[in-house]
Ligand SMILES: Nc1nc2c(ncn2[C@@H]2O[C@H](COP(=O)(O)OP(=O)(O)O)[C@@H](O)[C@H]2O)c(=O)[nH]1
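Take a look at this one chain, the form predicted on its own, written out in structure tokens.
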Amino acid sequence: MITGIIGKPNTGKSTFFNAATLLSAPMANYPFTTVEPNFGVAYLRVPCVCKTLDVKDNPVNSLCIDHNRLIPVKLVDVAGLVPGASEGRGLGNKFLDDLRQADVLIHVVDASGLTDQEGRPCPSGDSDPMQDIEFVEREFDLWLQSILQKDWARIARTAESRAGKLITILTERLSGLSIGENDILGVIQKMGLKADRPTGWSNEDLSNFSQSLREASKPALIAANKADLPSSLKNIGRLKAVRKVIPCAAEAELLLRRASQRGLIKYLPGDSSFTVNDEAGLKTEQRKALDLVSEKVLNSWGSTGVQQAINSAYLDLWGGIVVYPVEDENKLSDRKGNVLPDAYVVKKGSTAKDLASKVHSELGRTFLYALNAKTGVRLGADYEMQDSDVVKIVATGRRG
């Protein structure tokens, strides 16, 4: 599962990425600072079951800090998109190609209105973030539509000659874009299109199909960045009226993360406050910067929004839940004695056998049953995993 960070140039996408990953992707106040995609690891933050189970855990594949489980997740930051990108303008289709493997999108928008659609400074502050969202999504739709239209006549004829095969053909054609059969089938049914008569689809049908397919296969939330600037408040209110929006201040998050990394403050991503570890050790400018973050961001919005955006992408948009596989259901441990060693993010509806396959392909292939470590109840292959489940997988094969 990969989350793509998208938006027009100069909205703070790379700052958001750096704040989430603590990497150093290039950042500057001009368009196309990002050219090649940046890949990094952020963390999903959820309450750890160690607290409710009253155990001291020893995480292996993740972290646990103050009963907060931090699970590694993948992010990709791609070049900014300008109007006409689907026709090759700016960095054009490269931007779109870099998003092929993304499952969900965080659309970073300059909520202040201080950059135009090209990403250039707009001192008047009258650039409209809503229009920015619309043109970015439109370019994505046009790119997807161009992929379909390239061979549509042949695809349609082939599908009709092999009755009922349109879904299969489109699934194969779009598999490299992380678009699955269920997405395609669901959109066709929702739109009332005739899958057995694709030669009758109009250009408008294809256009609407592309838009709906993008919405279904790559759902997006809006990270309204630069929320600490005065001109952002009104725009965020307008955006919230029509879209799923999380106010963000990526620069503030980056400052807090780096201050925490240096031991100046105690701060966990997503917190609504921080604690200074050594007041006497802070320089005057550092104290002023931290005070400004408290006043303009944390006190105003409750958080910087960066962690909330990551959590929402995985838990809300993608529909993820967190489960804990163990090898000893009594000690809640692995074979080495690590308590609650692993936390896995799986999609709602995933079964016990799906989890077994995710842990190791051999466990999935030789799956017998699972045990709910909290209740001792035996679970079949079709049992749908629930958030915070702790399970032992029983199989004839062994992992790794």
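Because the structure is a prediction, the values reported are computed rather than measured. In this text, residue numbers run from 1 along the sequence as written.
Although it is not shown, the form predicted in complex with the ligand is what the next lines describe.
Participant: So if I measure heavy atom distances to the ligand in the model of the complex, which of the stretches 284-292, 180-188, 244-252, 207-215 falls within 4.5 Å?
Facilitator: Correct option: 244-252.
Participant: Evaluate Val73 for contact with the ligand in the model of the complex, applying a 4.5 angstroms cut-off between non-hydrogen atoms, and reply yes or no.
Facilitator: Close contact is absent here: in the model of the complex, Val73 is far from the ligand, nothing within 4.5 Å, heavy atoms only.
Participant: Quick check on Lys226: any heavy atom within 4.5 Å of the ligand in the model of the complex?
Facilitator: Yes, contact at 4.5 Å.
Participant: Do any residues of 308-338 have a non-hydrogen atom within 4.5 angstroms of the ligand in the model of the complex? If so, which ones, in sequence order?
Facilitator: Heavy-atom contacts to the ligand in the model of the complex: nothing from 308-338.
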